Every structure is written in structure tokens, then in C-alpha cells.
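Below you will find one chain, with nothing else, as C-alpha cells; this is the form predicted alone, and questions on how it binds or moves follow later.
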Amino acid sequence: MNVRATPARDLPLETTGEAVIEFSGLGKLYPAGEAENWVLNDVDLTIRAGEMVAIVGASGSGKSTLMSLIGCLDSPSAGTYRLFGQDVSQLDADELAAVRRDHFGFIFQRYHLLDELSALGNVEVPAIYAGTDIDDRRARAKMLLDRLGMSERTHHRPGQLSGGQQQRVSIARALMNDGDVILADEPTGALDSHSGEEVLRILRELHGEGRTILIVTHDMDIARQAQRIIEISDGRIVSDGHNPEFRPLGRPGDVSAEREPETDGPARLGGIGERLREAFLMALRAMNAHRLRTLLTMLGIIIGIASVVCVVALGAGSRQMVLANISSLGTNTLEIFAGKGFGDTRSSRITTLTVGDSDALSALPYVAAVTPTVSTSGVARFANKEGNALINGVGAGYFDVKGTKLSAGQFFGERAVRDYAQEVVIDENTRDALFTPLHVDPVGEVIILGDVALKVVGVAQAQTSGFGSSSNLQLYVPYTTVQARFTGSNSLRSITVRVADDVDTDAAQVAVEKLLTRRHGTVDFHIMNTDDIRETITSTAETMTFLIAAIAVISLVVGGIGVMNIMLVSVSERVAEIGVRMAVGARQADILVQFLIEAVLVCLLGGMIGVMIAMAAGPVISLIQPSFSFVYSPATILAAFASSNVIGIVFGYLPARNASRLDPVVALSK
């Protein structure tokens, strides 16, 4: 909206310009319990460009309400208000903000300076919302402070300034956007007599430059400094006339300064960038000013993000460990046992599982390796040491199928199987039980198993998973030797088949079942598929990870609610600041963005700290408990950052929206 009129800067002081402010039948109603109180009633008033007007009245007379209506901080309950001929009631919230930004300068009794900003920063605020370039607005702000005698206080904060100095900063802020009308609400009320006289002198100089000045006061001595005095009582104008005592000041120099005309296009886009930058900086200042509150707000986000990242990393690590342990049994393997199941009591009497079955399976194209297995037990002795051992009769391919690794020596080969060789591969448990106490290297030594002598050719690393106790002594002997020298039977305990990597294990299992059923004429066997074990265990691990992650996500939501509550408290604490920003021209979107950025920053910083804690916690926990393995995923970390942003936006929106919809006049009264 463009309602700017030609300022009366060059008119003679006794002459006034066109009508700036026109009230017709204006009224303002406030509820008072069940009754209604008309603070203003049927006010008709016209103020022209270049006038210096004092609105005087006792406390509660309605003069401050009238000033709020003039400055578009409040809206009338009745009547019409025209500003430069434009009906103000037709303007929306952002258009009213533009009116305040472009046409009014506010000087408040309580100064209403922003504590986090320096004097220079406070003066710049209106120009930020006007979209003025940073260099231009800074130069103008410095010039205004210099003209008002504040050149040595530009970088002081409000708490470091006297009352008179703070009011000078307030005046400089009112002049920043070169508004047509200066509204001064009790401008000397909080000042000593000397500072008050200085402020009135400045206002008269501004009037001398042709500005329209409106002063609200209860002091008739101050009112007599004005060209025109309007007295108000009980919400009605009781007198309105020219002040015969008024003596205009000369023009010692323009307190204001001409600014560059507003432009559209790139400059306006730059203004949006400047407002976003200012919102970002204000969020940082607010967080820094309330560091403990900010940290407590972040705490829920930190715990939630750290928990999610740790749980997912622990779940991924555990899954890898499970897969590695299953791989030690042999990847893509099918283990075929006699009997219809593990509980089949007849399985020990079934002798149809033979080496012929193993040979038939090894001829299949989708089979990578096959090893028959027989088993028995006995007492293994070396020197004066002995122990019960499980004797595993296996083929040469067994170690490859099972993924067994060597600790010392070598595995026996096909020649040993073919020649019924009396060779044995022992495990580390057997080495520790029979050889380590005697400080003997087992490779090349001979152990006695029953009444059979077996030469140790290698030591296998202990299997990390499988069935049975890992403390058992395990001996691996060619299956032909076990059949000939220990069991005396050609039947097998089991056949282990390694399926080719590019073949689906379930499909291979179906084919193996068909082959053996055809060979045996019946189903007298059962198959254990290691993929089933892997899928079951990993599915269980994933379920547990999901459940724990769900708990962590709940903590994130709780943290988000905490952010919302703290931001609502922050809004209530900063109502006056919001009112000042609205008075100098901040749009609802500007306030919304400022508080939303603060919420997002709190959550984003909380997310970063949470991720760092999670990254540090993994190695520490792994040192304390080596069985825990953490595998961090970049996708999880990015998701954590995204989650913290989403939480900031979702849970920060309501407080930010509440802040942006505050009534400026109510906010300023806090």
C-alpha cells in the first residue's frame, strides 16, 4: 500500500499541509467484566501535515488509547480512521505493519529498547524490516546517533545508558525510516528535568523541519511546548485549540537525514535476506542470553537423538556379528540329517543316509561343495593328559563348507579321506587341554583315541557358533577312517551341502529334498537351512532394534514437546520485545520466522550434540563391553539431523504463531 503524502517540510511554520489523520465518530470499547467501557467515544479529530500537537489529559482519560489508534497499534470499535485519505480499517495486519514502518516513528515513555542490541542495533531495527541494505542503514543509524549527541555510545547496550541517552536512542529509532509522523507517548515521563528539556528541544527541532509531531502527556507545562493542544477527558475531546504561547524554534540543522527512495526488485529481495539474517542473529542472541534455559530445552533433543543413533548403530553392529557368527557355520549351507526331525526317536536306526547320497549331491550344478559327516565320542590322550572328545568324521571339503580357519598346521585333503589316513585336526580346546599344559606344539604329535593312534596335522580355530558347548574337545578325522576304525558302519550322521552363491538356498533345498526322496523312496531325512537360522536371528535383532528405537523416538517427541513449552514461556517473557518490533514495522511473518528459527536452532544444535555424544559413546561402551559393536550409518546421522529440524519446525510453529499474532498495543503494555 502507498499512502505517502508530500511532507510539509518546506511550508511556513504558521501554515499546515493537507490532512494526515482524520477521525470521524471514533470509539474504542473495552470489556470490563460483564459491563462495557467506552474508553473513547464519538471522537472527531483532524491533524494536518506539519502540526505539533499535544494530547493532554489525566490518567485514564483515553489519551494513550487515542495515540495507539493513531499509530495503527490498535483498531477502533466504532467510527472511521483515515490516514492520508485511506480508510485504515480496510488494511490487513501486514499492510498496517507497512504503515507503521513507513509513516510513523514511535517514542515510548519506557524507551522499549531491545536489551540484546547495542544503541546502533536498536536504531537499525526499523530499517531491517524496511529492507534497507546493511551498509546504508548502518551509516544512517550512526549519523542519527551522532546528530543526537550519542556518537560515543553507539556500541553501548541499553543497560549501560542513562535514561536520557536511552530516550535519544528511541528518538533516533523513530527517525530511522524517515516517517512523516512522530508519536511521542509521555516522552519525558521517566526522565529528569534536564533530560526532559533536551528531548522536548529535539522534538521541536523535528517539528521545525516540517514533521508532524504528536505528544501524549498529562503535564500541561509540556503541552504548552506544542503548537496545538487537545485536551481529552473521559474518552471525549473537551478542548482543541491553537497554543498562543507557542514559539517555533529556528532550524539549527536537520536532525533527520534524507534517505534513498525505496525501490522494488533486487533491493526488496535483499531486504528479505537481511530480515532472515536479523532473525537468525536475534535467535542466537536470545539463546546466548538464556544459556541455561537453552541447554535444558536441548536436553530432551540431545537424549533422543543420541539414543536413536546409538540404538541403530548397536543394532547394525549386532546384526553384523550375528551374520559373522552364522557364516562360521558355513554360508548358504544345507545340513541333511537322518530322521524326520530332531525329535525323531528312530533316527539312530535309519541307515539310508550314505556316502552315495553325498556323491549324488556333489554332482548337482547348484552345489558348490559337499561333505559327509559321521560322529562318535571317545577319550583322547596325550602323555599324561586325557579328556572326553567328540570325534567328527568329515570329508576334505568340510572345512571350506563350514568356514573353519586354521590356527596352526594344515587341514587334511582328499588323499587322506581316500587312504583312510590316521590323521586328525584338533581344535584349540583340545590343544589347550592336552598340549598347552605340557608346553608342546601339537602339530606332528600323536594322540591316542581309544586304541587308535592319530597324527595331529593341524589346529582349527574354535567355532564361534553352533550347537553344543564351545568347551567340548573337537577332533576332525577323515570320515572313512571313523567308519572303518570307530563306528563300523557305512551310514552317515549328516551331509552338509554348500549351495553356490548365485543360487537361492530355499530353491536348492527343494531340489535336494526331491533328489533324496527319489533315492530313498521315502522322506526319512530332514534338512536344516542356515539361511532360516540367519533370517530368524536377524529378524529378532531387527525387532528388538525397532522396539528400542521406538522408545528413543518417543523421547524425541517428548523433547519436542519440551521445546514447545519452553518456547511458549520464551514468547510470554518477550512480549514487550515483540510489541516493539511490531510497532517499528515487523510483519507477522517476521515475528513468526524469528521464533521459528530459534526453535529450529535449539533442535539442530541439540541434534548435533546428540550425534557427537552417540559417536563418542560407541567406542567407550565397546571398551567397557567388547561384545557390543557399534556400526554408524551416515544415513542414520543425516536422518537424525533431519529429525531435529522437523521437531524444531513442528513443535516451534505454535509458539512462533502465537508470537506473530500478538496485538501490538497489548504487547507494548507488558
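When you see a residue number, it is the position in the sequence shown, counting from 1. Fair warning: this is a prediction, and the values are worked out from it, not measured in the lab.
This protein has a second form, the form predicted together with adenosine-5'-diphosphate (ADP), left out of what is shown; the following refers to that one.
Legend entry - Stretch in contact, per heavy atom within 4.5 angstroms of adenosine-5'-diphosphate (ADP) in the predicted complex, of 613-621, 53-61, 631-639, 599-607: Result for this chain: 53-61.
Inset, instruction - Examine residue 49 and determine whether its closest non-hydrogen atom to adenosine-5'-diphosphate (ADP) in the predicted complex is within 4.5 angstroms. - result: Taking the distances in the predicted complex, the answer for residue 49 is no, it never comes within 4.5 Å of adenosine-5'-diphosphate (ADP).
Inset, instruction - Find out whether any non-hydrogen atom of residue 45 is located within 4.5 angstroms of adenosine-5'-diphosphate (ADP) in the predicted complex, and reply yes or no. - result: Judged by the heavy-atom cut-off of 4.5 Å, residue 45 is well away from adenosine-5'-diphosphate (ADP) in the predicted complex.
Inset, instruction - May I ask you to state whether residue 643 is within 4.5 Å of adenosine-5'-diphosphate (ADP) in the predicted complex, using heavy atom distances? - result: Residue 643 lies outside the contact set for adenosine-5'-diphosphate (ADP).
Legend entry - 4.5 angstroms heavy atom contact with adenosine-5'-diphosphate (ADP) in the predicted complex for residue 39: Within the cut-off, so yes.
Inset, instruction - Give, in sequence order, every residue of 294-314 that has a heavy atom within 4.5 Å of adenosine-5'-diphosphate (ADP) in the predicted complex, or say none if there are no such residues. - result: Contacts from 294-314: none.
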